[in-house]
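Just one chain follows, in the form predicted alone, and it is written as structure tokens.
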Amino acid sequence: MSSAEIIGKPLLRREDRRLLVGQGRYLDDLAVPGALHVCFVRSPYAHARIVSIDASAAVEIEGVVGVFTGVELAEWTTPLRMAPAIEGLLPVESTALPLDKVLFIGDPVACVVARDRYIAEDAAALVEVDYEALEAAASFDAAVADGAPLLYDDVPGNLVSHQAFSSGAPENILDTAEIVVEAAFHQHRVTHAPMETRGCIAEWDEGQQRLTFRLGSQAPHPLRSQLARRLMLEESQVRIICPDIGGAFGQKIALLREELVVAALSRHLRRPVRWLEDRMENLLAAVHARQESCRTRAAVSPDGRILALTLSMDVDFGAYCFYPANYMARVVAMILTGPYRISSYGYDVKVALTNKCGSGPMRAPMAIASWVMEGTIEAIARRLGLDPVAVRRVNLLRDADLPYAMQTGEVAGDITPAQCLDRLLADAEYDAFRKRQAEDRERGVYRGLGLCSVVEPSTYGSAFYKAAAIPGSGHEAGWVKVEPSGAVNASVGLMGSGHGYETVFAQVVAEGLGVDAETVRIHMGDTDVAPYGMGTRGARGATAGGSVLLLAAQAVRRKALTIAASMLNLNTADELQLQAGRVQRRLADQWSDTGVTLASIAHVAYLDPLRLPEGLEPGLEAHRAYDPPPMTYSNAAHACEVLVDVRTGKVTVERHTVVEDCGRVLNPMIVEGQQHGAIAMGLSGALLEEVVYDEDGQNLTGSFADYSIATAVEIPPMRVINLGKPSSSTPIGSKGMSEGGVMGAIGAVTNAVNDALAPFGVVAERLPLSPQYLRSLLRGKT
């Protein structure tokens, strides 16, 4: 294989060998002699004032080092103040541990430090906390109701964010339109449920006045900056090291309170301290996501053309803001119109704080967007008695429309929605399905086919964050270094949690430099080694990480060839190339080996610098940073076929097909694996998963016996077709992917269920599509 053809090859994941033979090293595999263990005391109340904390019985247990509360932690840490300058968003501040009141069931009130985890847990059970119970606001409606109990004194009405936008006078058009179609969508609260729960190990070095902090983090450098700031240290006093990570899905981006507490305790006690979350803690008190209710109003022509569209969106964000509370909802509202030509659009988005676990990004934080838009298309088709494909076609963006500026200002450039839909309909045999569906209905068998077109935003650039007034950057950084022996090392600021980065980034560096992929070693997850990048989030791995490594590798190759030209007594390197680590020269349209190798070039670069061409500095390495466009869009079309048992409400997904255009595919095997995983996550969330709270804020889903996740038994056969039109705006040609599968699966399976239930005149508007919910719709109609 030529080293110029490595990108795009389905190379086996190199990281799998160590993982499959049991040589992976996750957090709990790391032995730290003398480490103390932490167990948190958590609130049994959704909303309560802390009257007193009595730890006298707990500290009497042999092996207990101490019990610490928010009062002590407040002396060692600074509060988190989430206050980006966004119109309509109120600032919110929180301390490491609560000082005066708790805000949800599972809120950590105190922590016990002991010789081992067993002692810490036993002692935690003896900590007596006297609470004064307060009325809880456990839903959006309860939180914004008149007279509702306030979570924060400086957030009136618990409404932390309210933003509105309008372009093209949509309300005026809706007021005068002959046909107005309304639709409602309620997405339930879910959580990330990584196979490896959260945890951390902190080691304070008193001699060096430096903290080494090990944890599974998707974004090691931003986390280091925040940890240093909240511990009142310099960044140079903190080192983040990430071992193997057993899944994250967005839950391991921000610095959360338990991690800050463990780091502060290690510094205070001058001892290594470790903590590993159990499953119940993860379900109760790690970050949740997605609880949103949307309503759309569309003014349409008789042929289904959308003349104006409005969105109202209410978000139940939970109690704490580790992220700007408007962030995820804002993205949903900004990209809602997706692949459709809609010249009049407005939104009204409200975010309320409630007495539940706080929310944060989860794989595809904008997941509801495609369901809302595609569900609106389906509602228009039902109202007008049209085929939903016809409604899609009359509104769909065509090549002549591109680049298309949405009313919100978002620009979709290299997308291919019409091509994806056409290919999908052909592959799904749409017309034949309708005939089969009709025949089955005659037999009392109810099957449905749901479609969903997706425009997936990814790789948010710095310009997007700046425009949205969100702190931070969208850039990524990387370096490539050829050692004196010719060995190739490379690093990037990302950190994977099962992404296959070690393999695909080696492919990128290999092709950019001109060596075999097997010779490239990728280093990530250590802030003393990796450059300052923004980490893994927003489907930016290939587009941001791949691009910056490609740029760095190409820079090293140019220098290497300049040195090689000098070694060959040539004036320029114009007729030289590197292939598999050897320099070739073009003579009479033929490439011939020169006998010069990358190793011999590196030897000169490091150990014989007097032979370097004039002006070149010793060494053979390059560091690059890359800031992507404000937003990069990929797109896809999904088709999901389901069978609904109307007697029981059970949904069986029979097949799921996707035609996706994520740009240049760096490793098709890894891309398809991520597509499968994203689709499975979307189907599981739509059909099974739900964090359930009662009206008092009691979480009823504290184990996997209550919180159901799809297994291989429930996941259907999948077919993925990649179109692969390269992006013209990113160096590597990738557009980003792995979140769109979630978006498309939710929309497609919900539309499929509604298609199956059409004979009964009912529409599912809320998730999950559980048997109980579907039977409630069908009761009296079957």
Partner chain sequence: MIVEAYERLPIALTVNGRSYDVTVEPRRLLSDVLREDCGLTGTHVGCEHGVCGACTVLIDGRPARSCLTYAVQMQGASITTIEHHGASGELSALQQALHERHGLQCGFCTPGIVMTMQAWLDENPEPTEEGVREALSGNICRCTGYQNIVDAVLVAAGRQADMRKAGK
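Residue numbers count along the first chain shown, from 1. If you're wondering where the values come from, they're calculated on a predicted model, not measured in any experiment.
Absent from the display: the form predicted in complex with the partner chain. The rest refers to it.
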Given that the partner chain is left out here, which of Val642, Val515, Ile105, Ile245 has a heavy atom within 4.5 Å of it in the predicted complex?
Ile245
Option touching the partner chain, based on a heavy atom within 4.5 Å in the predicted complex, out of Gly66, Pro716, Gly70, Pro731
Pro716
For Ala400, is any heavy atom within 4.5 Å of the partner chain in the predicted complex, or not?
no
Answer with yes or no whether Phe249 is in contact with the partner chain in the predicted complex, where contact means some heavy atom within 4.5 Å.
yes
With heavy atoms only and a cut-off of 4.5 Å, decide whether Arg341 touches the partner chain in the predicted complex.
no
4.5 angstroms heavy atom contact with the partner chain in the predicted complex for Asp29:
yes
Only one of 174 to 182, 216 to 224, 365 to 373, 277 to 285 gets a heavy atom within 4.5 Å of the partner chain in the predicted complex; which is it?
277 to 285
Going through 675 to 690 from first to last, which residues have a non-hydrogen atom within 4.5 Å of the partner chain in the predicted complex?
His676, Gly677, Ala680, Met681, Ser684, Glu689
